[in-house]
Structures are given as C-alpha cells and as structure tokens.
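First comes one chain, alone, set out as structure tokens in the form predicted on its own.
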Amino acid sequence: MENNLKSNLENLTIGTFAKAAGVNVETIRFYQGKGLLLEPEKPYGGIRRYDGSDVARVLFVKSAQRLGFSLDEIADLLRLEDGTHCEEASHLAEHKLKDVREKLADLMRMETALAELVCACHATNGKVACPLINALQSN
C-alpha cells in the first residue's frame, strides 16, 4: 500500500502536486519564490515534474505555519531538516513558544478589558453615554 501511494506521488505536474499537497498552484509558485521549495528543471520542450518529497516539504511548511512560524522561520527550520541540528531547532521553537505565550497574555488582557466594558454597557440602560464608546474615544 505504501509503495502504491509513493508511486502515485512521482512524476507530478504542478497542478497534481498542488492538489496532493492541499494547496493551490499559486502557493507552490510563492513558496518557490521564497526559496522554501525548489523549482525542478524543465526538460527541453517538456514540463516540470514534482514528486513525493516535494509534497512532504509543502506539508511541512503548512504544519509549521499552523504552529505560528513565519515563512522566514520556516526557511530556517528547513535548513536544519537533516536531523542533526535538533538543538538549533529547539531554540527556534523555544523562541516561538515565548512569542505565543506573550500573545496569549495580551489576549487575556484584551478579553478582561472588553468583558468589563460590555458589562458597563449593559448596566447603563441607555441613560448615559456608552462606556465602550467613551473608553475608545479617551484612548
């Protein structure tokens, strides 16, 4: 079964490659322009062909994006993909984790402030100026 799947991911056109990776053709070209994905040689009079390793690379990029890594950070991770640079990859992930935690703290502060303003709005019964609008105008 695995060999059959692998053989299905060989000699792919860009459209078939994009579909196998779950992205559109423009994404493939964008990643190539960013250096995240190599553009295969184009045989004289032929078309470029992709394979399973290209699909795996795009899936890696998409997975890293879902974890919040920027394309530049993903490029750094891809340079470490041979598996011998785990400590360097760990440092990148630790930095990303710190960023995520800071964003979460910011979101919690925002949630608290908005909840207080919404409560204040409901408590006024429309007889005074809106606390939310006043708070936004005073900042």
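Here the structure is a predicted model, which means the values were calculated and not measured. Residue numbers run from 1 along the displayed sequence.
One more form of this protein exists, namely the form predicted together with the DNA; it is left out here, but the text below deals with it.
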| property | result |
| --- | --- |
| Heavy atom within 4.5 Å of the DNA in the predicted bound form - residue from D106, E94, E26, E88 | E26 |
| Heavy atom within 4.5 Å of the DNA in the predicted bound form - the one residue of R79, K34, K98, R66 that qualifies | K34 |
| F60, heavy atom within 4.5 angstroms of the DNA in the predicted bound form | no |
| Any non-hydrogen atom of N11 within 4.5 angstroms of the DNA in the predicted bound form | no |
| 4.5 Å heavy atom contact, S70 and the DNA in the predicted bound form | yes |
| In the predicted bound form, E39 touching the DNA (heavy atom, 4.5 Å) | yes |
| Neighbours of the DNA in the predicted bound form among 39-55 [non-hydrogen atom within 4.5 angstroms] | E39, K42, G45, G46, I47, R48 |
